[in-house]
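Encoded as structure tokens, the following chain is the form predicted on its own, with no partner shown.
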């Protein structure tokens, strides 16, 4: 018969192995980020000679130099405008569409929902040619509004899927109570469905904000004018044909990564709540 010492030892060994695995994953994720920040504080000569994580001398001037030489001011503003506009558009459109697919009964609803879900199977680069032709015909290529509309289109399918999954589980009694109080369908969506969906909306906001903030290829295809380019494209200025200025590139990457990290930290509790409630399915 196995005694309590056996079970305690087994539990200790299992917990130790799980913690070792989690720490290894955390180190694997955090080390590149830490190396990027440390490298941004070194000189070009020392970045590969001095592999320590604490530089002998800190060069904070790399950040001001990267901001000026990279022309980050305009591109930084562009990225903020694109990210806020796209995320706002996706939240409004996807929440209304998901609520309609979940609660309203109309002809062709299942077919339309399947079509939206089928769009998730198409790799994003596979739609670039079609988007390029469509924007040309609509005279929206090389315009910010054309880029914003494309990015909204890219993020809609996944967002609708996540929100519809949540609305399907929402008790119908809440809607009945709101209807008795005089709420219209739009009123129920705004006053009942959206406040309850905060954790899922946080997941939608962070996922899409991350996708828009880090987008690079579509911007190169749509824009000819550099003044419309997002922040990611501006990082190219530190990469020459023969020489790459790594300290300035790492400083630029740190500046680029900082806003999205702050967004994640600010919405972390909602994201965890959304994931644990089953917002992310499949």
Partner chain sequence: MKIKNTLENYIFILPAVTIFAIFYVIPFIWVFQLGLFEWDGISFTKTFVGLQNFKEIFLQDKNWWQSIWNAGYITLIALTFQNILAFMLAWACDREIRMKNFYRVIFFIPPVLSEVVVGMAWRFIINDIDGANVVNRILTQMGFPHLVHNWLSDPNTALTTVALVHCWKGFGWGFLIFLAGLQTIPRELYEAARVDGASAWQSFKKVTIPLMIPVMVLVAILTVLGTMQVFVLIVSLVGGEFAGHTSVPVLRILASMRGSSRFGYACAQGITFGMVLIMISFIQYRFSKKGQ
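As the structure is a computational prediction, the values presented were derived from the model and not from experiment. Residue numbers count along the first chain shown, from 1.
Beyond what is shown, the protein has a form predicted together with the partner chain; the following relates to that form.
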| item | value |
| --- | --- |
| 4.5 Å heavy atom contact, residue 107 and the partner chain in the predicted complex | yes |
| Residue 224, heavy atom within 4.5 angstroms of the partner chain in the predicted complex | yes |
| Exercise: residue 74 in contact with the partner chain in the predicted complex, heavy atom 4.5 Å | no |
| 4.5 angstroms heavy atom contact with the partner chain in the predicted complex for residue 150 | yes |
| Proximity to the partner chain in the predicted complex (heavy atom, within 4.5 Å), stretch among 168-176, 195-203, 133-141, 74-82 | 133-141 |
| Sequence-ordered list of residues in 210-232 near the partner chain in the predicted complex, where near means a heavy atom within 4.5 Å | 210, 214, 216, 217, 220, 221, 224, 232 |
